[in-house]
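Single chain ahead, by itself, as structure tokens, in the form predicted on its own.
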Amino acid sequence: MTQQDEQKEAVAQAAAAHVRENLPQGALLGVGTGSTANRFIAALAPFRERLGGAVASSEASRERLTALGIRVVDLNEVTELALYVDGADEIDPGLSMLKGGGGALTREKIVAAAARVFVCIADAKKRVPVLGKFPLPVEVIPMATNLVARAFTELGGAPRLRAGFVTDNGNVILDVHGLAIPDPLALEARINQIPGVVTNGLFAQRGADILLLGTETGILRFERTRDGSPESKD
């Protein structure tokens, strides 16, 4: 197991402990997608009977939850989720995230919007001063692929179609390289106005409330304060 894998495992276990200690029996939670989220799902197994169920952000996560005997609930049956736990491809000091490397960004953003608290779990390499080194995923309606690609070229990005990939919603992904994103909230809103864009991978309007960050020396915890700024809890 690499050091990065060890950090992913540590934050997954910490997130599971947070669920066990803070959610009442029978509560519903949202579950993300990706390698770190997969570890979190596995960490729920010892106390799965306490959970009322989970809303999955992808078919892959749904299958993992079902295999563990955790009831998967349709979001349309839920008014609100107590908690959403997911990883990130990048997270900045303001707890805005870049997500979508696994292609589940649209459903991730929907489930995150339904949750009172968003807990991001990430290894140390995912924390960056400015978002954008990791290509920005954008889910696009297929007929608009070239139109959207031209719009990103005008923004200074280099869009590339994710070859051979179709989202759970039947759409394609453009991965936009070469963008530095000092103001993720403004760029998220701007991209959403491009016709044909379903979702973009910036999670700034709905950023993380809590970050559990795996490091060489242990887990660091950051929480968003009342004024919206992050605060270390260690």
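Throughout, we count residues from 1 along the sequence that is shown. Please read these numbers as outputs of a predicted model, since none were measured by experiment.
Below: the form predicted together with a small molecule, not depicted.
*Asks:* Can you check whether residue 192 is within 4.5 Å of the small molecule in the model of the complex, heavy atom basis?
*Replies:* Residue 192: no contact with the small molecule in the model of the complex.
*Asks:* So in the model of the complex, does residue 101 come within 4.5 Å of the small molecule, heavy atom to heavy atom?
*Replies:* So residue 101 counts as contacting the small molecule.
*Asks:* Do residue 35 and the small molecule share at least one heavy atom pair within 4.5 Å in the model of the complex?
*Replies:* Contact check for residue 35: yes, within 4.5 Å of the small molecule in the model of the complex.
*Asks:* Quick one: does residue 139 come within 4.5 Å of the small molecule in the model of the complex, counting heavy atoms only?
*Replies:* Close contact is absent here: in the model of the complex, residue 139 is far from the small molecule, nothing within 4.5 Å, heavy atoms only.
*Asks:* Out of the stretches listed (88-96, 143-151, 109-117, 69-77), which one is close to the small molecule in the model of the complex, meaning heavy atoms within 4.5 Å?
*Replies:* It is the stretch 88-96.
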